[in-house]
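This document opens with one chain alone, in structure tokens, the form predicted alone.
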């Protein structure tokens, strides 16, 4: 696990934006998730999960952040951060649908997916993990 001083300035900024977005999560039955993406223009766009009582109508934080970037004219992302509350015991990683969506918009399959837990709005840097998209989704769907 990387230490706070081993994480780059960019990863810190992404995690902090994801932590801000987490505060806006609309949770009905699951748990809150915040995400942030670094877009091709160098801007960081946040997103949170928005749940619905109807299965399939909600949106994951990662896809929400990507939609935020796309709505600002960015169709490629360079890096992703995902955070959950510190009480969440599950391993933090995007679901399969989000991994495919990240792949659809990724500049390349080596982009970083940085995850961490948050407590009282603060990123717990001792919980940070860094993976590459290719590690989490080795065979994405491509219509080629």
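Bear in mind that the values here come from a model prediction, so they are computed numbers and not experimental data. Numbering follows the first chain given and starts at 1.
A second form of this protein, the form predicted together with a small molecule, is not displayed here; the remarks below concern that form.
### Task
Mark residue 49 yes when one of its heavy atoms lies within 4.5 Å of a heavy atom of the small molecule in the model of the complex, and no otherwise.
Yes - in the model of the complex, heavy atoms of residue 49 and the small molecule come within 4.5 Å of each other.
### Message
Can you tell me whether residue 30 touches the small molecule? I mean in the model of the complex, with a 4.5 angstroms heavy atom cut-off.
### Response
Within the cut-off, so yes.
### Message
I'd like to check something about residue 60: if you look in the model of the complex, is any of its heavy atoms closer than or equal to 4.5 Å to a heavy atom of the small molecule?
### Response
Because a heavy atom of residue 60 falls inside 4.5 Å of the small molecule in the model of the complex, the answer is yes.
### Heavy atom of residue 112 within 4.5 Å of the small molecule in the model of the complex
It does not: once the small molecule is placed as it appears in the model of the complex, residue 112 has no heavy atom within 4.5 Å of it.
### Message
If contact means a heavy atom within 4.5 Å, which one of 114-122, 60-68, 73-81, 37-45 is the stretch that engages the small molecule in the model of the complex?
### Response
Result for this chain: 60-68.
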